[in-house]
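There is one chain below, alone, in structure tokens, taken in the form predicted alone.
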């Protein structure tokens, strides 16, 4: 597909890929510092299925709270606005783009496994690097490849051509996207995240996770996700759409400055935390 033609189609994504009303309301409420926990709980409670999913996620081994969280109000008090927003976002996007059980060229089960592993690894890296809100890092990693699932859903035929080229040439999916589409999933993901009015930091991380220096003031955060993505590929956690390991961006490597012992310990933590996360999303 010609780049100009794809640009026209991408302009329609705002109409095609729309967040559920409840998720959009929660994002708007939690972005307002004057909002109350009661307002957030009321918005989530409009959707019984989402309420049940949020409680299940909050009580998963990934969080490891000693007492069971039984109500949304309790979850908000324990987790805070940002984490609740991220849980709603994660659950809503998963439901929008969940595996449907049908054989597909693009492995959606593997995609979500990889995305979840990247979220976990981003969180572990953020903790090691002293990032204050490490839970934000989880959503950065979980949604970094949003553009892939959007392309598979709304440009399925063209994206199937990308996957076939990956298999034929054994190349990175991003290289195949550029060859077939003239666009890559990072750019598409950034557009969609912008249409959804997601936090600017998250938009930049999604857009520039393959080129962290271009994220400017968010470079360190994009570098964390960039490294998490590569580390997850290195130990084969999930499936990002190809079987190649991208090169580490030298500026990202230098910025994060991890030694061999730290990386070795991180790999052990990654595998342990991925096991704990198995009930987080119903993959």
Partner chain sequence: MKITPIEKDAGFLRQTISDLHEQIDLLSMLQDISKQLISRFDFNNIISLFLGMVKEIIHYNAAALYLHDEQKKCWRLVDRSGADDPELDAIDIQSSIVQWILHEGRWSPLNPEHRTKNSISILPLTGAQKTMGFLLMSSHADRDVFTQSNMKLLSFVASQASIALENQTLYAQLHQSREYIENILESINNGIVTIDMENRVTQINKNATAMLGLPSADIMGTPYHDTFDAPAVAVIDAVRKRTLLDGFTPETVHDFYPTTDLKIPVAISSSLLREPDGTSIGITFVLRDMSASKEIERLRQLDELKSEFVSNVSHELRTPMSIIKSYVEAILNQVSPSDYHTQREFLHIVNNEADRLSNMVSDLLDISRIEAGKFYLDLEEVDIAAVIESVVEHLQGKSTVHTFTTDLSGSLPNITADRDKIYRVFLNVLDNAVKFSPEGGVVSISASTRDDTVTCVIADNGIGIAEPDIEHIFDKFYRADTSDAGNISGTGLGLSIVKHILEEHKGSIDIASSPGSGTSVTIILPVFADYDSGSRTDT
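From a predicted model like this one, the values you see are computed outputs, not experimental measurements. Positions refer to the first chain, counted from 1.
What comes next is about the form predicted together with the partner chain, which is not displayed.
Among heavy atoms of residue 46, some come within 4.5 Å of the partner chain in the predicted bound form.
Under a 4.5 angstroms non-hydrogen atom cutoff, the partner chain in the predicted bound form has residue 22 among its neighbouring residues. Heavy atoms of residue 139 never reach within 4.5 Å of the partner chain in the predicted bound form, leaving it off the interface. Although the partner is absent from this view, residue 97 stays clear of the partner chain in the predicted bound form, with no non-hydrogen atom inside 4.5 angstroms. Between the partner chain and the residues 215, 237, 41, 29, the one pair within 4.5 Å by heavy atoms in the predicted bound form involves 29. For the marked spot (71, 77 and 132), a heavy atom within 4.5 Å of the partner chain in the predicted bound form is present in each of the three residues. Residues of just one listed stretch (56-64, 215-223, 249-257, 228-236) have heavy atoms within 4.5 Å of the partner chain in the predicted bound form: 56-64. Taking a 4.5 Å heavy atom cutoff to the partner chain in the predicted bound form, none of the residues in 142-169 make contact.
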